[in-house]
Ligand SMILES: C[S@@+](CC[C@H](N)C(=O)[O-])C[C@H]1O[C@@H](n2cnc3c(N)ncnc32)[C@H](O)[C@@H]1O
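Below sits a lone chain in structure tokens, taken as the form predicted on its own.
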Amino acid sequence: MSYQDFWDRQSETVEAAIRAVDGSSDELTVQHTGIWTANQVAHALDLQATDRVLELGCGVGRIGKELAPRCEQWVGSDISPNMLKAAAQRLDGLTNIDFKQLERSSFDGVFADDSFDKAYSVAVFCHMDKEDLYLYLRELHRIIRPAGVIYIETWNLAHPVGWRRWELEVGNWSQLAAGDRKDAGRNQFCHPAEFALYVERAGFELLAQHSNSPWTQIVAAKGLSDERREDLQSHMDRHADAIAYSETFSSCFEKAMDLHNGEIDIAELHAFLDSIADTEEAALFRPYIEASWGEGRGK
């Protein structure tokens, strides 16, 4: 099965596409998580109102809907026609957007050299074979203008929670017949050093890497002058906390994983969220949990 076939099957309706993107169960929840991630991406990219921005793997436009009003033009690309249909429906009314369908691990014939100021990809490389991940990185380097910036992330095999998530994947596949294993959209994982190597060999200069969570995140740039490098590095240092997933985020993610696996109940998760109620992470996770599993207090 191809990437396109896999993701088209996950997104036959808008509602199904929303669930496939991040597990959100409804429009309000996907908007809630989209706002949070869009702010993270905007800080990572040092987003400017004059930027032309590409999202690789835009899905239903979860991030793009929130980010497009903050830049000159936002372009969403995806390999799934069904995902793009859902995104176009959700982003209807925005006038500075465009969508492009991809057919393979290339932007050839779709985007010209040096045609974007910024680009990003969230929760996409984690579903790709490493060869395709690298090919897309080379293509991002081609289409980003000199002094342009990218933000990308994938599962972090080196983090304890990331390792637990990988072991779940191993367990799932071990129960299936050989012919049913390793589908096109399966979760895949990188060591942070491996992920950085792909980025650097694709031609980018690393500006920041954050790996103290189940995700390893990279901000990188192309063709920097000394002055631009200094400015961007200063920006990355000032906004590191807004870009990196925190230890609290990792704890919330692990608790949600425990709930999914039946190791804790919803009341125990709510008690944990109550204990960190004054954090941004609790505000992020609580609506997602309640929409997906119900409030469940006292059960």
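All residue numbers are counted from 1 along the displayed sequence. These numbers come from a predicted model, not from an experiment.
If you look for the form predicted in complex with the ligand, you will not find it shown, but the lines that follow are about it.
- In the model of the complex, the ligand sits beyond 4.5 Å of every heavy atom of residue 53.
- Put simply, residue 144 is far from the ligand in the model of the complex: not one heavy atom of it is within 4.5 Å.
- The shortest heavy atom separation between residue 124 and the ligand in the model of the complex is within 4.5 Å.
- The ligand is not drawn, but in the model of the complex it has a heavy atom within 4.5 Å of residue 80.
- Put simply, of 151, 195, 136, 215 only one has a heavy atom within 4.5 Å of the ligand in the model of the complex, and it is 136.
- The chain is drawn here without the ligand; in the model of the complex, the stretch among 202 to 210, 155 to 163, 91 to 99, 115 to 123 whose residues come within 4.5 Å of it by any heavy atom is 115 to 123.
- Taking a 4.5 Å heavy atom cutoff to the ligand in the model of the complex, the contacting residues in 29 to 60 are 55, 56, 57, 58, 59.
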